[in-house]
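As structure tokens, one chain now follows by itself in the form predicted alone.
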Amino acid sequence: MAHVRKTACPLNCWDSCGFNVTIENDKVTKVEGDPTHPITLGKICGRGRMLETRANSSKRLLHPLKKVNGSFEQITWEQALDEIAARLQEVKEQHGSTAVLHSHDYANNGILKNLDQRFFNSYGGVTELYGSLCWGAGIEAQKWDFGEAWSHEPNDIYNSKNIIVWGRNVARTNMHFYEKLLEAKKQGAKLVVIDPLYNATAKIADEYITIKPGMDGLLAAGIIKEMFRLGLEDREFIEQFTHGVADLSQLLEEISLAEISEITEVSCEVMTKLAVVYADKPTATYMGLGMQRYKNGGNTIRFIDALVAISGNIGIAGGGANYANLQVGQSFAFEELTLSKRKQNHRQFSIMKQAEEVLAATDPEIKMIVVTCGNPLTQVPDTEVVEKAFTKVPTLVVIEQFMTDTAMLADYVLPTTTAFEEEDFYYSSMYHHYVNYGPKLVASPGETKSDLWIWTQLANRLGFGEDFDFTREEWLQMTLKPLEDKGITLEKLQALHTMELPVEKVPWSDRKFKTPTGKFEFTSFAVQQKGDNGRLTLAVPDESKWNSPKLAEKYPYSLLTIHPLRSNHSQNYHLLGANLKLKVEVAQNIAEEQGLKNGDYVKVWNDRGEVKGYIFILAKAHPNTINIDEGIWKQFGGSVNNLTSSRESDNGLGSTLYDCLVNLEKVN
């Protein structure tokens, strides 16, 4: 008999939705939205609904696999765990524990997914990844400016007179914010969208501003320059609560508005108009993640932060430089969960350059890679180098649900559970501040086991099983300890399913920033203390005609690789049908210049590699712009990361996935 249970979406997404899941005969049969969830209100996206297909797919891995003579063979858990534990012990004894690389990303948001860190810390400490493919440059930028990356709570948008959505297609990636935009517009707010692509969010805007990809920081500089010229800046806020404005003023003297207009391909009149909008407080700015995926990415977010500060829209209801909301995740006991002080050795590789660093590593060389919560053969830039590195290492272990591009290279593949088959709780540090409980709903199929079970079994074999001697309920209680005095306990969360976490709903309203000066910093004092000047710059992307004219002549088009509509990164492509094709979306001028029409088969290439796919013409994309959605698997024509660069952002903590020039031609 069918029954409905409340649970939550595990996907690494802005919205972190509440679910109502129908179960029949110990099987999930339908996933719908929970209308009682305070933010998501019963609406969910196709990616969330696909979790039913994912859980029930005949393509799921159901047994441990070992590669023997180039082919996978089914083995027992006992054999898999014994051999992997023996290999971990051997590597540690012969080469040191940092000869193991833990390649981890954030496919899902379950709090207990972080127990992989506890395992490797108890093991002795391994080579870990730092930085983020997704949002790292912007996070670091806001830490330089504010001391933290915090955003306003969702309903604060109803206090905004003007709303700037900058480089963020919320209709695709943040549907509940999109709903709030519609409501805010009904209440009289003016919506401005700034983006190289005319997307579904731009369609509802009062004004859409198209911009050359990667030039958003310079546009912010131009608006600030106009605010100063027109006397529209918030002089009181600047003088009392900021540090380094003289450096900013001096920098802006080095460039004219006409030069900024030429580089950004945005008119001077638009910059003047935006200066007036920002002065017409409260004006809220909501930033996307794509525009910081350039070499100048950190500087881009810092300049937009500076614009929000100059206009006095910080710390006021309806304002804010809204990029991420790390205060949500800061509620939990990560230190106790991960035992970070237990490790005896430690080495770090950049997540962007992990492949190059594996190939170059000495003292010790990387002898073993363990992949959790990720698919680096699809998601890490410069795929050819990634494949070379992961193939070179003697032992590759992948914990997975499906035979991904990365799993195909593995020596051992360990089948793991889906969110519906294990208990956990979920949250997002990008949008709202509610934590969602997810009970175990159904039994796991075949021999699939939870990540936690796998780590516990390996820990027992390696002699630190006491570090994992807790029930799942005890683990969850451990993570919630800091919240007990706020009335948030596991028992309450299990009963209510969704609880509001304690956050500053309007950050910085007390004007006390977490920087060394206690002020908003146009010039980062912390960075100066480390030996750099910490100042804003008039930076542009590495791969642009302004920095690399010969490269731009050879490769005249800017490539974006935005998030797909129907897949959370690479997770769903294999479930979308056998006729899936790589789509190459191009600006109208490219189609006209090359005589292309919808459906034409083309090659897109640069010095790093190539992909082939089918043309789709974008009517209003910025000239010379191409988009190919990220995440598509090799069997369907991917990965688009055959084209992208593994360089790091200016502050070293972000990717340069969008800092990418390509050429294109029709092929037979």
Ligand SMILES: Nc1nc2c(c(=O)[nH]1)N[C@H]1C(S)=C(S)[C@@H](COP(=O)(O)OP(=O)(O)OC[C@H]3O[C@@H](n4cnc5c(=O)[nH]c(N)nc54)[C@H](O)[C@@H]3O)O[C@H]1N2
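Residues carry their position along the shown sequence, with the first being 1. Bear in mind the structure is a predicted one, so any value in this text is a computation, not a measurement.
Missing here is the form predicted in complex with the ligand; even so, the following discussion is about that form.
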| property | result |
| --- | --- |
| Whether D105, W166 and E400 all lie within 4.5 angstroms of the ligand in the predicted complex by heavy atom | yes |
| Contact assignment for the ligand in the predicted complex, among G298, G288, G438, G319, heavy atom within 4.5 Å | G288 |
| Option touching the ligand, based on a heavy atom within 4.5 Å in the predicted complex, out of T523, S429, Q571, S544 | Q571 |
| The ligand contact at R608 in the predicted complex, heavy atom, 4.5 Å | no |
| Contact label in the predicted complex: K190 to the ligand, heavy atom within 4.5 Å | no |
| Contact flag, T644 vs the ligand in the predicted complex, heavy atom cut 4.5 Å | yes |
| The ligand contact at C373 in the predicted complex, heavy atom, 4.5 Å | yes |
| Proximity to the ligand in the predicted complex (heavy atom, within 4.5 Å), stretch among 559-567, 505-513, 120-128, 484-492 | 559-567 |
| Neighbours of the ligand in the predicted complex among 114-135 [non-hydrogen atom within 4.5 angstroms] | L133, C134 |
